[in-house]
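Shown here is one chain on its own, the form predicted alone, set out as structure tokens.
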Amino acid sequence: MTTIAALPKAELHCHIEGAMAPALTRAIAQRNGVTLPAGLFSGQGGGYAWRDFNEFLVAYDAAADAMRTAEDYGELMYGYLAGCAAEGAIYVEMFVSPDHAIAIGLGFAAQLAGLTAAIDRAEAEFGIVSRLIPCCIRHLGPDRALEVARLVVAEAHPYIVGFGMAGDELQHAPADFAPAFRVADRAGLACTVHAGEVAGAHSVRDAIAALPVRRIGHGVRAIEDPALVAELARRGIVLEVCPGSNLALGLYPDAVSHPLRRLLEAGCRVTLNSDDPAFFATSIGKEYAMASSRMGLSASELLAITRTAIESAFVDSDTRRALLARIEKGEPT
């Protein structure tokens, strides 16, 4: 019998700065001469301190501010991929924020150089494949999103495979960002958007109506609208589900209440993801383990979720075929 730990895994929804463990944040800040906010951590050696989604966003930005160089991003990316590979992951799509790189005075081109070098190193050493999805930040507004989309298209790189939007879901309407997504879509970048996390099912419905998206980041609150769930299933729009994140942020009181199982039973295509693992005390391995032990998914169901992730990944066909072949070798007995 194949154990959950031994299953091949993949994730499509993780933010690079959200993968920076507190110890690494401290080390990078010290190296760069950056003074971190006094309330960033819960105590000596503790985790990040936040109480709600808005405080999480503030803590996230404060941690991201510690980085200053391409090497910082490279160290973070390499370490994260090494950890994922140790848990059985064969593929990771990473959200990156050009706005964060610009805010620290680094710039997107240098950020990209650090990340891609780390991707190459991790694949050579561990066999894990990774690609990048630059994101605009919703609460920075539609005009800034359009600028980011144009920047991303201008900095074309084989490892940039998509375009997304993160940030405060309660600000602005998805339709406001249609110009930015048109730029990305016309350049051949596959699109995804965060929706149906902090906001309800209407957020998902508005997103799929206004934007050329193949996937929805989170999307779990679609469960509140049965007609929407049926539409997602019919159209094959993939949900990048992040149970550990949802529980940490209080969307659901416990794993039993989480709608992952109900979405699957309704025919939705879902994937498992860690979102911001350093902030939510999770990892891709822990997400699969929780789906097994606390949500009742079998090894076969979890392998099918990995297969869905690879089938819906924003990769070229040759890479997809190679990854799917690796999944078949992990078929449970």
Ligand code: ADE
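We number the residues from 1 along the sequence you see. Owing to the predicted nature of the structure, the values given are computational and were not obtained by experimental measurement.
Absent from the display: the form predicted in complex with this ligand. The rest refers to it.
Proximity of Asp276 to this ligand in the predicted bound form falls within the 4.5 Å heavy atom cutoff.
At the 4.5 Å threshold, heavy atoms of Ser245 reach this ligand in the predicted bound form.
Although the partner is absent here, Gly200 sits far enough away that none of its heavy atoms falls within 4.5 Å of this ligand in the predicted bound form.
Among heavy atoms of Tyr60, some come within 4.5 Å of this ligand in the predicted bound form. Checking 70-78, 84-92, 160-168, 232-240 against this ligand in the predicted bound form, the stretch whose residues place heavy atoms within 4.5 Å of it is 160-168.
When this ligand is considered in the predicted bound form, only one residue from His258, His218, Arg215, Arg131 comes within 4.5 Å through any heavy atom, namely His218.
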